[in-house]
Structures are given as structure tokens and as C-alpha cells.
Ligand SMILES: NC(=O)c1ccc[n+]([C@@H]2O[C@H](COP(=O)([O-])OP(=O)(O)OC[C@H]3O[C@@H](n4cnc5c(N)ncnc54)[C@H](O)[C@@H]3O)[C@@H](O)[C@H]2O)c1
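So this first bit is one chain, no partners, the form predicted on its own, shown in C-alpha cells.
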């Protein structure tokens, strides 16, 4: 308990899945946490459900509605969280989308939709968080969500892969630029995680003919996992809490793979 006690953290894409698990784990370790999501109503509901967890851990909890591709909304979210908590110490750029399409069918609309959220959204989130951290002094931490798709291309999700490669590059670029302000930039790369997003991907892959039955895609992907099973969000949070804590203060510009040994790099 208490690894991030007193730290003010902001997590995007926190209404469900990995983002929610990250935020809840931070609360349990004593952080103040803002659950941010484009689905503001769901984010507010999740934050309310975590009020007891926050009081037990000694932190505060709030929620925010935000479209990470809109700079004004991101700036406003950060300002409101900083006002509520007194500062922002850790920013998780976790919000992400996927919309599988067979490689030859990928459209400009599909490309832009995914790259805007997963690429531009991370850039804006990093920039605005860094500006807040610089203004308040004392450094800070920025943590980005990459993917196994940032290390290997897959045929039915090419724009998603490209967007996650962009996350790796942004993490390295940000780490180099922000080190002089004592701001570290790291990331983590999950593999196959049993979340609502994977359920959506599974349905999409069936719709484009890439799989024939529910669960087939996850079974095929998980067959290559050395640990022998897909991950749960709880498998991810030990690493994400570490990246938010002082234990990772000497780490920057790195992406930590959390994929059960699916991709060895």
C-alpha cells in the first residue's frame, strides 16, 4: 500500500478495461485519481463506484469527459484535475480505439479515425500534461499505452499497428525533450487482454471474414503466448503502478512489454 500515496494521477480511457483497472489500482495505492473518458456518463459512474476505494486508500477521486483529439478539451480536463488535486504528477495516455479492416480494404477514414485517437491523442495528451507539470514545477511522469502491435504488424489491423508504433516514437521523443524538466516518459505494451475492447475487435473480425466464430481470434492469438493464457487487466496494473511510482524515477524513454511472452524483443 502507498506506493503512489499523495500523487495526483489522470487516466484517459478509464471508463472500462485496462484504463479502469489502472485507475483503480492507483487509488488502492493512495493516489488521487481522475477517471477520464469520452463517455463522460460512464466515467462518472465508475468514479462514483470507486469512492469507497478512494477513501480507504486515502486519495481523492473525480471524473472528466474528454475527447483526446480535441486540445481544448484535454487542456480543460487537466486544468480541472489540477485544481481539484492541487497538481498533476502522473498522466496516463491510455485512450485508444481499433476498427479492424482487411489490409486491402483500409480506407482513409479508417486510417484517420485510428491515428487521430491513438497517435494525435497521445501527442496532445503528452504536450498538455507536460505544460502543466512544467508550470507547477517538480517534474512528473507521463505513461503511454502501446501494444504488441507496436512491435509487429498484423494484417487485419494495419492502421492500429501504425498508431501504436507512433506511440513508441512519441514516447522516445518526449523522453528526450522533457528530461530537462525532470519529466519522465515511459510506456507499456500489453498483448491479448480480456476486455470490452477485445470483444469489439472479435465481432469486427468476424464481420470482415477474418474469423468464423466468437472467440476464435482470441484463441488464435493466445496460442502463441508463452504463459499459456490471455491477460486480465489485473495482470497489467502491477507494471502501471510501478511506472507511476517513485520506483521508476530513473526510467525514461522505455516501453515495457506485458504480453505473457507473446512477442520477444
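Computed from a predicted model, the values in this text were never measured in an experiment. Numbering follows the first chain given and starts at 1.
Note that the form predicted in complex with this ligand isn't included here; everything after this is about it.
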Answer option from 100, 174, 125, 96, heavy atom within 4.5 Å of this ligand in the predicted complex
96
Interface check vs this ligand in the predicted complex: of 183, 78, 192, 158, the one with a heavy atom inside 4.5 Å is 192
With the partner removed from view, which of 126-134, 183-191, 82-90, 103-111 is the stretch that lies within 4.5 Å of this ligand in the predicted complex, judged by heavy atom distances?
183-191
Check 7, 34 and 61: does every one of them have a heavy atom within 4.5 Å of this ligand in the predicted complex?
no
Does this ligand get within 4.5 angstroms of any non-hydrogen atom of residue 117 in the predicted complex?
yes
In the predicted complex, does residue 141 have a heavy atom within 4.5 Å of this ligand?
no
Please check if residue 197 has a heavy atom lying within 4.5 Å of any heavy atom of this ligand in the predicted complex.
yes
How about residue 67: is it within 4.5 Å of this ligand in the predicted complex, going by heavy atoms?
yes
Using a 4.5 Å cut-off on heavy atoms, which residues of 136-172 contact this ligand in the predicted complex?
145, 146, 147, 160, 164
